[in-house]
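This document opens with one chain alone, in structure tokens, the form predicted alone.
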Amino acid sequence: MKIGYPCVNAAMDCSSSTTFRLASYSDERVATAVADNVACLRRMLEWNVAHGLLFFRIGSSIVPFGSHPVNTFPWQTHFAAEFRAIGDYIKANNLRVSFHPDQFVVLNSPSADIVQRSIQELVYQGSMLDLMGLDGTAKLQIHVGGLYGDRELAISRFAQVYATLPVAVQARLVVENDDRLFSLRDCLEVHELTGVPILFDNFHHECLNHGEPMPEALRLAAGTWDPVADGVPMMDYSSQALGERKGKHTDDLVDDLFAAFLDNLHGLDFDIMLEIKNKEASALRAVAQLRGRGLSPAAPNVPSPPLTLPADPNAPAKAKRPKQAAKT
């Protein structure tokens, strides 16, 4: 069982998602940004390995405008060696990685243009995993999409578009149950139509379900994964932020709630992605709980003091990272 967190590590002085505005596009800026992003990604993976955090969601903007027609830079060939080196490091250290494409990826949209751009984005992100030499256990995580007034038609349209995807994308795709529109039951229907595994989100299931107890929901989701082609089932974990609107993720791991959740596994193996704001800090506490239950290997030898940077109210403010430009 592996614990992970998405995209950003607050203990690092770099970002793997440095980008720029579309209006200032140039091949030179793409080359510089990709070089910086890949270098930072390697540092984050090394940090994670040193701390026994072996599941990581890579940010979608490794290549700025990677699926946009404006990007004509041959980054796949220019950075082939760098991506291969990242993949070799991932495999050598038993890491698992994934992508979670942005919300504009909607395969069941009635708009042919949105569907086409969604497919292009999945091809782009999947191609990075291909360049790393990773097999189908490295996944692309999406939601079913929009409801558009007809649940069954929306699910059917997803299945129809899925059938047109490149085989390499089909092999990596997983669908996540959400908190408002498509429940675990709906995702099971998608799985029946397409064979796509379900990436289970415990918090979304708490928000939207059909009465399935958590142990049963976990069992149903896990049963959609092929142990060879898909690997250990992935899931997202979070809990409700106290005093906030329903569906708002907590900023920090609630240790007692996480312990209670682990009691629901009943021997099931999951790789768990924490959807929690303080990311690596919570992940370190979560993996400690797994070790205490014998569900994760013993802590690795890490530098002393640990690489984790403690919160210091007197420390100078960190420089803001560049904002990601909107894809247009």
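Residue numbers run from 1 along the displayed sequence. Just so it is clear, the structure is predicted and the values come from calculations on it, not from any experiment.
Below, we refer to the form predicted in complex with the DNA, which is not included among the displayed structures.
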query: Candidate spot Gln141, His205 and Met214, all three touching the DNA in the predicted bound form (heavy atom, 4.5 Å); finding: no
query: Partner proximity in the predicted bound form: Lys248 to the DNA, non-hydrogen atom cutoff 4.5 Å; finding: yes
query: Partner proximity in the predicted bound form: Arg180 to the DNA, non-hydrogen atom cutoff 4.5 Å; finding: yes
query: Exercise: Gln103 in contact with the DNA in the predicted bound form, heavy atom 4.5 Å; finding: yes
query: Contact test in the predicted bound form: Ser296 vs the DNA, heavy atoms, 4.5 Å; finding: no
query: Location of the DNA contact in the predicted bound form, chosen stretch of 66-74, 284-292, 41-49, 263-271 [non-hydrogen atom, 4.5 Å]; finding: 66-74
query: Candidate from Arg96, Arg117, His191, Arg219 lying within 4.5 Å of the DNA in the predicted bound form - any heavy atom; finding: Arg117
query: Option touching the DNA, based on a heavy atom within 4.5 Å in the predicted bound form, out of Ala229, Ala163, Ala85, Leu147; finding: Leu147
